[in-house]
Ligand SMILES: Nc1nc2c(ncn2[C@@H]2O[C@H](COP(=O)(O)OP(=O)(O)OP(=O)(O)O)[C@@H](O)[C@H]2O)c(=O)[nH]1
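So this first bit is one chain, no partners, the form predicted on its own, shown in structure tokens.
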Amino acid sequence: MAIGRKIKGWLGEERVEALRGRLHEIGEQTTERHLRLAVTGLSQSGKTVFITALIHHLQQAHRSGSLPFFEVAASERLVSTRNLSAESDNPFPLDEALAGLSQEPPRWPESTRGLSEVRLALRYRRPAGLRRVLGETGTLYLDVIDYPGEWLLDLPMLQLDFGQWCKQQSRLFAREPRSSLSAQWRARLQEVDWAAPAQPDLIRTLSLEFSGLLQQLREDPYALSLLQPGRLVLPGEETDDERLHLFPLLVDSWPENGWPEGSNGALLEQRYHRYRDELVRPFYTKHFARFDRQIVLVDCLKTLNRGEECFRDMQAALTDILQSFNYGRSGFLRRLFSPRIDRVLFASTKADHVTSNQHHNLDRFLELIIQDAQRDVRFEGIETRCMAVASVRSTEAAQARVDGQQLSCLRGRRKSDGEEVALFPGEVPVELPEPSDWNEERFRFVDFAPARLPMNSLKARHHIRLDQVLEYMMEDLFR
């Protein structure tokens, strides 16, 4: 007991708990394998659909043949899959998501509004050369967490104090469209005496107005990504928690020695630190800091459609978020004391919204979008790849003759009105857009409604590259 207290004194209680968890995991890994997979993406990037399709195909992979490039399934070494998610306090809503995708007409699942968990047990036969040493079969436990993309945006706040965060937000709100939309609210901030005794009701009112402003910036036609605090956009269970009565203090001057104790400014700063330390940090520590590998979903076509500000904002949000993750090679000691992600896949969603001859362009364009973040990841020795995917395929290929030439097209139901259309969706650029590209309104990619996903008899045509995603993320674990 005395030794235990000394260890906690040296390392801190959180560090000791993390160490205890890692020792338990290492003990388990002598007979079983575990993969904690981070499916990461901004709001409306397709995380819930991706996870739904991932589970659905894995549950049928041993008999469906729908994953031809996933070696363990294609070679018939995947024996069975068991969904253990029901054991979680927050099981992933698989049945509801599949019910919507399999009905007629099908519909996309609801956007994620809280945290949910997936746990699959994948039983597989080992390669022939390893069976004598390790046994005929093994089990891989796959853990995935679904959560609102809005919450992900808070991770960069862990590295900023209140003053730093406010300066960062001041720069953002000096640009359009934030500047015009927030002008009246920012004027109200200038009227408040922030050194005066704290008025919690005033701060609550201003916070609700700021939350409404973030909601407006999140929706069309702006569709911005870098919106903090994320729980003001989607609060989860803390709907009227006073820790959410928070906003950046965008005022012209700050006192050199900080806000007086008990003042409006001091209360707002206190709220920021409580929000960061009591809501964001525990969420990151419990879920994100222990991931092994990561898939980052990016909707490139949506940002192209919505213009330059949306595009630049998404780029900045992704770069900030990826810098918050703990990357590095997963050697024994490094994983024992500081778990690191060792393999990252950047996936451009909606590959079915462009013709197949544009998939390479979509791969290349995603590389351009995340090139700064990817460079940092690779510097740490992490394996990375970019890939265009469609976890649920919504279109089928078609041909049209225009001016005597054969043209590759798509056929599907338009999401906005459900009408069946056949069209040429346009070309994905292979360079970052120039100002003239935005001014000419060059990008008009159609958003399609889902095609029906069968409950059984899955085929490879029901997705694009989902099997290649699984192979890239998991191929070395089925041994």
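The term rigid core refers to the most C-alpha atoms you can superpose between the two forms while keeping them within 1.5 Å. One rule holds for the numbers: they count along the sequence shown, beginning at 1. Because the structure is predicted, anything quoted here is derived from the model rather than measured.
A second form of this protein, the form predicted together with the ligand, is not displayed here; the remarks below concern that form.
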| item | value |
| --- | --- |
| Contact test, all of R178, G230 and L318, partner the ligand in the predicted bound form, heavy atom 4.5 Å | no |
| Per-stretch contact check against the ligand in the predicted bound form, the hit in 105-113, 397-405, 80-88, 275-283 (non-hydrogen atom, 4.5 angstroms) | 105-113 |
| Selected contact from L267, L246, V72, A390, since only one has a non-hydrogen atom within 4.5 angstroms of the ligand in the predicted bound form | A390 |
| Position in contact with the ligand when the complex is considered in the predicted bound form, options H62, K415, R33, R411, heavy atoms within 4.5 Å | K415 |
| Interface membership of K350, the ligand in the predicted bound form, 4.5 Å heavy atom rule | yes |
| Touches the ligand in the predicted bound form: H56 (any heavy atom, 4.5 Å) | no |
| 4.5 Å heavy atom contact, S43 to the ligand in the predicted bound form | yes |
| 4.5 Å heavy atom contact, V428 and the ligand in the predicted bound form | no |
| Is_shifted M387 between the shown form and the other one (CA, 2 Å cut-off, rigid core) | no |
| Core-aligned CA displacement of L115 at least 2 Å between the shown form and the other one | yes |
